[in-house]
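Just one chain follows, in the form predicted on its own, and it is written as structure tokens.
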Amino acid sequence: MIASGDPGADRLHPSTSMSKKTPDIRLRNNPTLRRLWEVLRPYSTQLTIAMVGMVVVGGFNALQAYMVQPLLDEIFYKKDARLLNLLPLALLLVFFVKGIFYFVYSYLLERVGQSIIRDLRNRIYAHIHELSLTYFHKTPTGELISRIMNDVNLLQGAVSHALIRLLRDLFSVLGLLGVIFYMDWRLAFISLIFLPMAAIPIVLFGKKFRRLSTNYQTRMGDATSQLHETIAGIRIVKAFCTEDYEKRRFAGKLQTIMDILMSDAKYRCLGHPMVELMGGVGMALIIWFGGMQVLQGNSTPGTFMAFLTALIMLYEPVKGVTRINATIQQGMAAATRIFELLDVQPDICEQENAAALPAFHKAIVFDDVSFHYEGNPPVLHNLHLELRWGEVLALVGPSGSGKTTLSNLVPRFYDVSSGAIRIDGLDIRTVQLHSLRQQLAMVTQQTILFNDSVRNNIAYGRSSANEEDIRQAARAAYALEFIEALPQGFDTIIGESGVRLSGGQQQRISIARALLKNAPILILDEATSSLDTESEREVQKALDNLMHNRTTLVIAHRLSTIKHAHRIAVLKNGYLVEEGSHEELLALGGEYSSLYHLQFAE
């Protein structure tokens, strides 16, 4: 599977990277923060270098504020010309060194942020490929796309931008606090009375931001799902003249998203003036008190102005925290949703120390198999069947009788509810999934092709195939002639789901893919039922080549296509009601005979 080739996924997996020791009490009490810390851990060296750079920048910010004092007292008040010549050079040096360290830490943090996003996207994508089909039946495609793209983008904003701003401002605040206490400890204490008040909007609006962001991400997933469904089903939309309905439905979802964003904007815009007002009150008091100290001779104008400059610089990062609080909360909400997805466990798992399935050479046995989908009544009841090597077994029966379900149990897309499926005597639940599915090839009624070249679609699953192997598979599938007539031949891009090909051509590409895989067990799920008579004839010839010397399980709607099967099993309401050859079942005059005569009467 994809996960095995993803080094980022290996180092991020909770079982291998989680540490019992966490940095502080907040991380121990917040599982999302703890897991984000584990995501950051592989980049701890780069983070450490970036933090050193931030400390230096914070120190130089404090130094800039401190330099106001000699500018006023020594140059303007005492008329020190020598210092006037030195101070601009010193200021240039400060800005130059500060700029270098600013670049270093900003670039490193941006790189760490982008690396984390890459790792998480790889990890989510790999994890999705490990999940069972049941999960995809319950989860819309658009929701999954939204998790990988939109949620991770929001987390990127929190990591790449908010993290940079937060850490940078933290070190600037520490440096500037040192300056104001050094300048005037009394004024510093007055300012610290008002400084914590800036946290009020952060605490007040923090939970609102998190709730709004979670709601936004959920609604965005809904909108993405509709977008995916309507684009994929555009022919049905147009055929049923529902364009206006879909426009209204999508517009409604967008309006809901806008309402959520405007609520978020309201709290975001309200937080900044609240901090401004609190800071203004504190600043006014400090100007009055500090000014009185200067007038009384207890402080110099330079000291007071340097203090005031440092204080103004100090309030800027504090106000910045209120601005980035919404981004941080969005990132935390996105992280929670991402980790929820990563915590989903597949229903189909390998046993520990599962052995590889040896090359198939005897029989597939359905031993007293029963199955039901989650929360639904049984679909198959105590079914016993045997498919011997080299045999063609056809499954027939009315819709809903369990034919496709039975075929999906062989590759372990689902596990039996009771009983067992054995290949050469081995319960398929005890063998490695990869070794089981390597010995299977499938051709289904709904042809699955990718927006890629004809060549890559045929070679899908066997990337080592050479040009001649691909051509031979196409020839055996009766596809070579129409492929060579395409504008770029085997290099022609066939569009999403092969939309640029006819139904018969799509099916023959699918058959060529199965031929190239050359698996000993073949599952055909109504592979010709959606084709016209002429296309069916071409596809049936390709299927005859595909079935040659293979053990084949055929699900057929058109009974004329399976008359020459070695055996036919008839299912009804999940029960095996008849079994035998075409002639035997017709002579029996039972369910198969009724289906056959009904179909040909039509």
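This is a predicted model, so every value here is computed, not measured. Numbers for residues come from their place in the sequence shown, where the first is 1.
One more form of this protein should be noted, the form predicted together with a small molecule, which is absent from this view; the next part is about it.
In the model of the complex, the small molecule lies within 4.5 Å of some heavy atom of T404. Heavy atoms of S464 never reach within 4.5 Å of the small molecule in the model of the complex, leaving it off the interface. The shortest heavy atom separation between N376 and the small molecule in the model of the complex is within 4.5 Å. The small molecule in the model of the complex comes within 4.5 Å of no heavy atom belonging to D151. For the candidate spot formed by T32, G157 and R211, no residue has a non-hydrogen atom within 4.5 angstroms of the small molecule in the model of the complex. When you look in the model of the complex, the only residue of Q445, S263, Q439, T242 with a non-hydrogen atom within 4.5 Å of the small molecule is Q445. A heavy atom within 4.5 Å of the small molecule in the model of the complex is found for one listed residue only; from K247, H137, H129, K238, this is H137. Checking 509-517, 105-113, 396-404, 465-473 against the small molecule in the model of the complex, the stretch whose residues place heavy atoms within 4.5 Å of it is 396-404.
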